[in-house]
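Just one chain follows, in the form predicted alone, and it is written as structure tokens.
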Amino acid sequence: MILDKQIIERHNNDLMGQHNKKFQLLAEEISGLNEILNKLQRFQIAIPSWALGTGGTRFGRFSGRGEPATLEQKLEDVGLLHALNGSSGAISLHIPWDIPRDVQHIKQLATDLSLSFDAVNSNTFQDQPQQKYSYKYGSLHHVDPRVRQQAVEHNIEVMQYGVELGSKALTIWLADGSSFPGQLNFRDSFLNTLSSMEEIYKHLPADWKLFVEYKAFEPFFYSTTIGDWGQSLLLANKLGPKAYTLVDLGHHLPNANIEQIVSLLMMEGKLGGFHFNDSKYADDDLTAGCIKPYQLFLIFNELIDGMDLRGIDHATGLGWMIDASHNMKDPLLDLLQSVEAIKIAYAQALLVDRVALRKAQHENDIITAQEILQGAFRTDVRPLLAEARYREGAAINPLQLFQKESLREELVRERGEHSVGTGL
């Protein structure tokens, strides 16, 4: 469905009086207001195609209603999100779940919805129909060179689809690993992975990036071949200047200091992008900011510090994407909440007085440093986000509008009660 702009205008008119009061009160306290609003307006978070349907767990999946069953419907869902919040202007496709059968048609639809195509994602953690060799024991790290070559060729194919659509990056996440001691040789597995990625890297277009994602465990539980940021960085350094580490917030062991990891990767010029989510234990894939909002703020604090130091554009210098699994909430409502939480953390980090913080750090003034950070974090920046959305022609309160207009029910009427998202 395509949302009528008049619906957004009526919604904004109804909320304008209340919004103006909140915004003006906050605006009086903020220096550099217009610059902050401009940055918020430009900052976009890509939506992954697989997050538009209801996910599940190892124990089962409870399908939602009116899920997008085709690539066109997935684009329409992201277009709906972008119309509501003005901050979801890109979609990330997963191949082979999202193979575009008519590239020109898909590109035109994306243009009509004001969307671009973010990084494309390969899939060597599942066996596909008519696949010659199985990935049961791994893909790019496999002991059998025929399996490795099959996985390499798949990644090259994914890049070809990406080139046709206008993507500029390939994300590789490997399930490769082991569940039992002695199952594989760690050195051989790493070297096989490196060799496979070198072959993929040769086919990377000149203006593309290769994102090397890591994960501590799951689906294997003794070792993961790319298990942490150090192993990812090692691969990225060996591959070359177009290879970067990608950080998924859920792909760490509990209590990992992700903000420190981010800082060091930025220092090395090897941070490629983010997959945002939240967790209590590990890869829980929960709504961004629902468990650890302060950690999300601290991560953005380091990001802004590093990007500004290196002269990196906040909106385009890194890849920003959500990666979540919705098994209880309406996926679109959850994604609206995640985008809001990410931009809240970003806006709060923009408020940090970096000169004062640097001075406090150099003077070992722990109290002042803590107060500077927590003062920014405790600022309710939601009126800033609402103003930025209003200036972009989006909704002052996207979540409220989605629910008030019963947009899920409209999607159910269009697609049917039992439509199931592809790839899930």
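Start at 1 with the first residue shown and count on from there. Since we're looking at a predicted model, the values are computed, not measured.
Omitted from view is the form predicted in complex with a further copy of the same chain, to which the following refers.
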query	finding
Close approach of S31 to a further copy of the same chain in the model of the complex, 4.5 Å, heavy atom	no
Non-hydrogen atom contact S196 with a further copy of the same chain in the model of the complex at 4.5 angstroms	no
Partner proximity in the model of the complex: S87 to a further copy of the same chain, non-hydrogen atom cutoff 4.5 Å	no
Partner proximity in the model of the complex: A216 to a further copy of the same chain, non-hydrogen atom cutoff 4.5 Å	yes
Options 111-119, 153-161, 76-84, 321-329; stretch whose heavy atom lies within 4.5 Å of a further copy of the same chain in the model of the complex	321-329
The unique member of L333, V103, I312, I99 whose heavy atoms fall within 4.5 Å of a further copy of the same chain in the model of the complex	L333
Position in contact with a further copy of the same chain when the complex is considered in the model of the complex, options L249, C290, L165, L204, heavy atoms within 4.5 Å	C290
Residues from 167-191 in contact with a further copy of the same chain (non-hydrogen atom within 4.5 Å) in the model of the complex	W173, S179, F180, P181, G182, Q183, L184, N185, F186, R187, D188, F190, L191
